[in-house]
Ligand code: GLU
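The chain below stands alone and is given in structure tokens; this is the form predicted alone.
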Amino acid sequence: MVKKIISVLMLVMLVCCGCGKKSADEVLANDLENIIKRDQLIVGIKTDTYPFGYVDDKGHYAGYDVTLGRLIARGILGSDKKVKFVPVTSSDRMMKLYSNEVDMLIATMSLTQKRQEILDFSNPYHMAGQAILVKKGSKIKTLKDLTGKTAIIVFGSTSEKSLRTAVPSLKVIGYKTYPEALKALKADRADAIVSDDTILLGMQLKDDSVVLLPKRYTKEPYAVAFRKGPESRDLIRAVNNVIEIETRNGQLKKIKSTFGIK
């Protein structure tokens, strides 16, 4: 995990030194002003985390994170159609942010102290928690039952550190995407998947061969992520304003209910 963090930091340094797609002047400019001039918001979203980010039956991006992206576009640019979505994964989302492929990430990203060293965040828009997904009929009922077992995590998530601290004898294997993780669990390559409850709930809703256990082991606030630096400040304020308004008027709660999120 330490090697992964070091690699991300080195990537950020390289990008900030001029290896990104934009010039130094553009990177140092005000991100909100750039979005307004472009008249389009570019958001990194996941497509493998139903019901937060996925592709629906018609081939359209959908989910809570996607809907929030449209609300932010409407708040900043006056229309929820002035947004472009770019698919990201847990392992490449920070790279795509710092290479200027996207303006922000709305991608089931937990706000953690370690991540705040290299990213800036909005106010939280959802509170998740680490949970366990097992195959139906499994004897595993709690985290302690994973002692001496094998668990799956998705690279780039916050699950690995929590697991190794709570169950030192646990063998941890990782996959790049959640569909790959679910496929591995169903093929008996591991005894459980450990991840955010809302993501695991989406797996259970779409596949009745797996069960989400009721216990939650952490609190994981989801927030919108930005490049760290003064160029993001106005954009963060604008996004926080949208989150505050849509929370106060009950819209975010209504969206959660639409997607079955508690």
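The shown structure was predicted, so the numbers you read here are calculated from the model rather than taken from an experiment. Note that residue numbering follows the sequence shown and begins at 1.
From this point on, the text means the form predicted together with this ligand, which you will not see here.
Heavy atoms of no residue among 64, 104 and 246 are located within 4.5 Å of this ligand in the model of the complex. Remark: of stretches 53-61, 66-74, 196-204, 209-217, the one touching this ligand in the model of the complex is 196-204 (heavy atom within 4.5 Å). Contact check for residue 115: a heavy atom falls within 4.5 Å of this ligand in the model of the complex. Contact annotation for residue 93: at least one heavy atom lies within 4.5 Å of this ligand in the model of the complex. This ligand is not shown here, and in the model of the complex it never comes within 4.5 Å of any heavy atom of residue 174. Of the heavy atoms in residue 122, none are within 4.5 Å of this ligand in the model of the complex. Taking this ligand as it sits in the model of the complex, the stretch 156-183 comes within 4.5 angstroms of it through a non-hydrogen atom at 156, 157, 158, 178.
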